[in-house]
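Here we start with a single chain on its own, the form predicted alone, put down as structure tokens.
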């Protein structure tokens, strides 16, 4: 099967992101509409219900390097969050601790990553973790 070029793939993801995903619990788009390389993205995750994350809005920075989608994007939380795969120093997601990034394949997408992070927030081990004050950010 032919490999879809990076820019075609990212245009497809941009179109999907602008339309919104499913129930609107995750969204994403380009940080700057003039970014012709489509490298820098913003993402938003609305915390899952019945967890300590409920009604919280988490902002993330997503960077798709030149090898995307063959290599995973880098993810960094702007909003402070206490999760085992997020550095408490700078908000960067450790790819080795988040299965969707650790076992990346080119069929995954920005959407896949955001949905998986949200699923992790609702997991048994993370749903009750004490969280930093709402609205606080990594500097």
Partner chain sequence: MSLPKRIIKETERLVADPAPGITATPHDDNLRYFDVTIQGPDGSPFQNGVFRLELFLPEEYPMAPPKVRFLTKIYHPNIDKLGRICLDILKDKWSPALQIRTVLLSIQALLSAPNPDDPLATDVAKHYKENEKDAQRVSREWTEKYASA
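Numbering follows the first chain given and starts at 1. Since this is a predicted model, take the numbers as computed values, not measurements.
Same protein, other form: the form predicted together with its partner chain, not shown, and the subject of what follows.
Judged by heavy atoms within 4.5 Å of its partner chain in the model of the complex, the contact stretch among the candidates 110 to 118, 84 to 92, 27 to 35, 53 to 61 is 27 to 35. Contact annotation for residue 14: at least one heavy atom lies within 4.5 Å of its partner chain in the model of the complex.
Taking the partner from elsewhere, residue 132 is found to have every heavy atom lying beyond 4.5 Å of its partner chain in the model of the complex. In the model of the complex, its partner chain sits within 4.5 Å of a heavy atom of residue 7.
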